[in-house]
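As structure tokens, one chain now follows by itself in the form predicted alone.
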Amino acid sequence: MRTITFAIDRFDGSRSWTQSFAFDHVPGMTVLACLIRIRETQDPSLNFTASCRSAICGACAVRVNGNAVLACDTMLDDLLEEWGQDTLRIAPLGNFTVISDLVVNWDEKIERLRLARPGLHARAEFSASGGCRQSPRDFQAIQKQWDCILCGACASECNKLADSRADFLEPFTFTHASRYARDSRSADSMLHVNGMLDNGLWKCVHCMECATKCPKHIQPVEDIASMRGMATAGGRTDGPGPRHAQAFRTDLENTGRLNEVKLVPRTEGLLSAATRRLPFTLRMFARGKLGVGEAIHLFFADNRPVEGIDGLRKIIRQRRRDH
């Protein structure tokens, strides 16, 4: 009989440790079924959360070998094949405060979710008619965002949150804001966008972890991009984020290539770039990573358009019309 081992991160409120539990392999078990079996047959003090067992409630999300999964929707056999080993590390979600073992605190996350203003403020004509009907096409534009079950997998793996929670929200919060901002029945889309602008909308680092880890295949990174477009269309173009996007697009439209040396002053302004980036630039010179001649060449790089620039410009114009 094959023996499987779960090395589970434990926490009792003051002390952390890792405890291993071995059990006989049974084909067809989920990670949640294994956790339940461990608690029922080996250690009743093991804490984790679960409810629906149908990938609907999102309560059972944990980390397996450093990757967030829904325990009820993840087959043990798939993990054993993926990792090629019979020992798996089970841990609570990342970027959350741990309460006990695999149980994390959602209170702070729910309070931060309120910043998305998650509720529909319907246009006046809907109030007058007493209903909020919308076409199937309009609903399909936001249907995927409605699938979010607040499992926390995206937040667990977000690299920006890992760096700092002070100036960035959980990816699922951006998804909920986008859902209401893009709703055809909404009276004020910018109500939701503005809240995100003040809380890190332009600080996503595009690591794509939120998209790859979501069990419902939602892509918060796309919701962030969509609201950035809505913000700029609504006149919210001040700040390094919008300026960086505009400089990026200008370079692509003009020549089809980026001039990264010029990108920084266009984004931050000449004075800020000169003062904030000068120490870094001097360190590059000192360590031989950048020569004076190379720097001059990069700044005055060949500005002739790349071959096929007309096709690229056509794509940019089409995207501009679509949005």
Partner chain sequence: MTRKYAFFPGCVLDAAAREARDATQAVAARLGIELVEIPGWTCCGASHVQDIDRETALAANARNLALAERMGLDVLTACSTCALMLRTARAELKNGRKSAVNEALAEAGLEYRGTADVTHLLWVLADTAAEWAPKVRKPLSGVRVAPFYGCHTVRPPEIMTHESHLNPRSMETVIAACGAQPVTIPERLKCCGFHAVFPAESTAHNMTASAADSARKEGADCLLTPCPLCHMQLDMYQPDARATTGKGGDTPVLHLAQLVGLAVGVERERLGLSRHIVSPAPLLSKC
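Residue numbers count along the first chain shown, from 1. Each form is matched to the other, and the largest set of C-alpha atoms that superpose within 1.5 Å is called the rigid core. For clarity, every value in this text was computed on a predicted model and none was experimentally measured.
From this point on, the text means the form predicted in complex with the partner chain, which you will not see here.
Only one of the listed residues (Ala141, Cys207, Met190, Ala187) places a non-hydrogen atom within 4.5 angstroms of the partner chain in the predicted complex, and that residue is Cys207. Although the partner is absent from this view, Arg277 contacts the partner chain in the predicted complex, with a non-hydrogen atom inside 4.5 angstroms. Proximity of Thr87 to the partner chain in the predicted complex falls outside the 4.5 Å heavy atom cutoff.
Put simply, Arg228 is close to the partner chain in the predicted complex: some heavy atom of it is within 4.5 Å. Put simply, Arg2 is far from the partner chain in the predicted complex: not one heavy atom of it is within 4.5 Å. Along 227-261, these residues reach a heavy atom to within 4.5 Å of the partner chain in the predicted complex: Arg228, Gly229, Thr232, Pro240, Gly241, His244, Ala245, Gln246, Phe248, Arg249, Leu252, Gly256, Arg257, Leu258, Glu260.
With the core held fixed between the shown form and the other one, Gly308 has its Cα displaced by at least 2 Å. With the core superposed, Asn67 shows a C-alpha displacement below 2 Å between the shown form and the other one.
If you fit the rigid core between the shown form and the other one, you'll see the Cα of Asn259 move by 2 angstroms or more.
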